[in-house]
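Below you will find one chain, with nothing else, as structure tokens; this is the form predicted alone, and questions on how it binds or moves follow later.
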């Protein structure tokens, strides 16, 4: 169940239900028994919308992964392909259809494009001679997927690359369409603010789409007061830094995919006393991570240094609750204790899991390598020696540390110095290519094009000014009881979230000079609301802002926004939307050429 989606200020279950309804309608179009052939990338996002039980209710009997060659045997009337509109996938589908046609002439084929139909793909199927085999060709508009009660993601992994390297604005069109769907369900958003070229583009498309549908007035009372569109390239620094929240570190070290994480199983083995522990499980432990789990909701956004104390406090509460059984004397008291037992046992197993996860993370965060890396990052963020070759990076290259680690650090130094002097730039490039191979010249080229690693164009470095004006570095950040968003990186306040914070109060006019130093235009638009739909705000009622990150957002930034929502005097609640949930590693990987070649 998705009850955790409806806890927040905005009930995101409405969006999930709308997506489920459309899926049911499509499945019912294909009468009879069905087998679904999945584009593997879609299975994760779809799992957040509909479990297998829903598909089963609509006569889905088999599910396969899309692979070349013949389809596995299945005694069904309909075969439905769920795919992204990619040309290479069309060739595989054509192969599948040909092999089936020879065997079962009575079968019906259907294709469902997610999130949009594509003329090019249909043309490719026609060239392959299989287009006529399809009874239904349809699109399933899955733009924004609810991940949690305050979080939506499109899981569009190539959005940043497409916008900044390939000049392809498809993802921006999907974003605008997704926001129109959101407004159809939750009312027109009266105020739109934005910063960056992509943000301007999305806002223009939204306003144009609104004019095209001018006849149909939206009569829903607006749930959101403001929409803030932020380009990822306005703040290139934040995703490169190592996240220091509990959830951020889980993602940095193990990678969270569609709300799940796979962990090494050793720490989770249930050892019986006196038993030898030779039969350790080899299957990795899969945990679901969202606010439906009470303990996770409580600790996910804490700085990792505050997690241990929170877990031991929880352990005391749980063991005290179990001790209560000795005090239950009357039948009524025993009955009450028994009724609470399932909840208490769930809490105990949740605590055991997160204690194991925290131990796994602690092994890494207490290592010398982690500390050295973090020290260098913090030096860059505070502006120490960003203009010369860094000896730690040189040593890491000499030891042939993973290339991604090197690229994250070099890009970070470049961003904090507004590019390198030509001599330093050439030195780093030469060292990287000679150590890791000349095939990476394309990757370095991509990073340069995206503005992450570049030679200095002007002698002026604006980063120190931006850092001081927006207070991006806070000495002695309080990690245990934070009073500022900088706790998520133990001192560094994410630029993107500072911009969001200043917009709420005192407003962007107070930082005009800094905004001009950051890339892209900043703007404000208003959307007219139909008469009678203007919100009458109750005394003390918070405003709701939807912050949309174009190009991706990290878990530490999400934690910082949640922190702002919970602040007593902020008067603002934030819902977060993004094209992709990312960290420095997945982000750099998406910009690499042939990333599979470099993972060694």
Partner chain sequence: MMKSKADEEDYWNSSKFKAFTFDDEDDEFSRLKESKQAVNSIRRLVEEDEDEDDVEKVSWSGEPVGSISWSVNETAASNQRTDREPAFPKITTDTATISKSHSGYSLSSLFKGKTKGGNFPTFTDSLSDSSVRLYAPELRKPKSEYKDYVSDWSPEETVQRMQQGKVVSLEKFRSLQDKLLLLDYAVCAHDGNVITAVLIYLKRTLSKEVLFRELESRQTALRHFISYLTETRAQRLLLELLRALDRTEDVALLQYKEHLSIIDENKRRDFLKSCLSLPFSPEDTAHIQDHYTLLERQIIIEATDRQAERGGKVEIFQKFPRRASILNMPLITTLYYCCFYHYSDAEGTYSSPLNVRQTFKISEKQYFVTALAARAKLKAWSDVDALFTSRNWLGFTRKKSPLGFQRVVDILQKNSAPTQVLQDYVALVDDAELRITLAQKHKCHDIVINTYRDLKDRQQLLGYRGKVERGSAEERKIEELLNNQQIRWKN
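This one's a predicted model, so the numbers in the text were calculated from it and none came from an experiment. If you superpose the two forms and keep the largest set of C-alpha atoms that fall within 1.5 Å, you have the rigid core. Positions refer to the first chain, counted from 1.
Although not depicted, the form predicted together with the partner chain is the subject of the following passage.
Listed stretches are 436-444, 188-196, 520-528, 495-503; the contact stretch with the partner chain in the model of the complex is 436-444, by a heavy atom cutoff of 4.5 Å. Not displayed here, the partner chain is kept clear of residue 299 by more than 4.5 Å at the level of heavy atoms in the model of the complex.
The partner chain is not drawn, but in the model of the complex it has a heavy atom within 4.5 Å of residue 303. Contact annotation: residue 464 falls outside 4.5 Å of the partner chain in the model of the complex, judged by heavy atom distances. The partner chain is not shown here, and in the model of the complex it never comes within 4.5 Å of any heavy atom of residue 515. For the candidate spot formed by 6, 251 and 328, no residue has a non-hydrogen atom within 4.5 angstroms of the partner chain in the model of the complex. Only one of the listed residues (388, 335, 286, 423) places a non-hydrogen atom within 4.5 angstroms of the partner chain in the model of the complex, and that residue is 286. A heavy atom within 4.5 Å of the partner chain in the model of the complex is found for exactly one of 167, 459, 481, 106: 167.
Contact annotation for 399-422: residues with any non-hydrogen atom within 4.5 angstroms of the partner chain in the model of the complex are 399, 400, 422, listed in sequence order. In a rigid-core overlay of the protein, residue 344 has its C-alpha displaced by under 2 Å between this form and the one not shown. Relative to the superposed rigid core, residue 225 undergoes a CA displacement smaller than 2 Å between this form and the one not shown. Remark: with the core as the superposition reference, the CA shift of residue 315 between this form and the one not shown stays below 2 Å.
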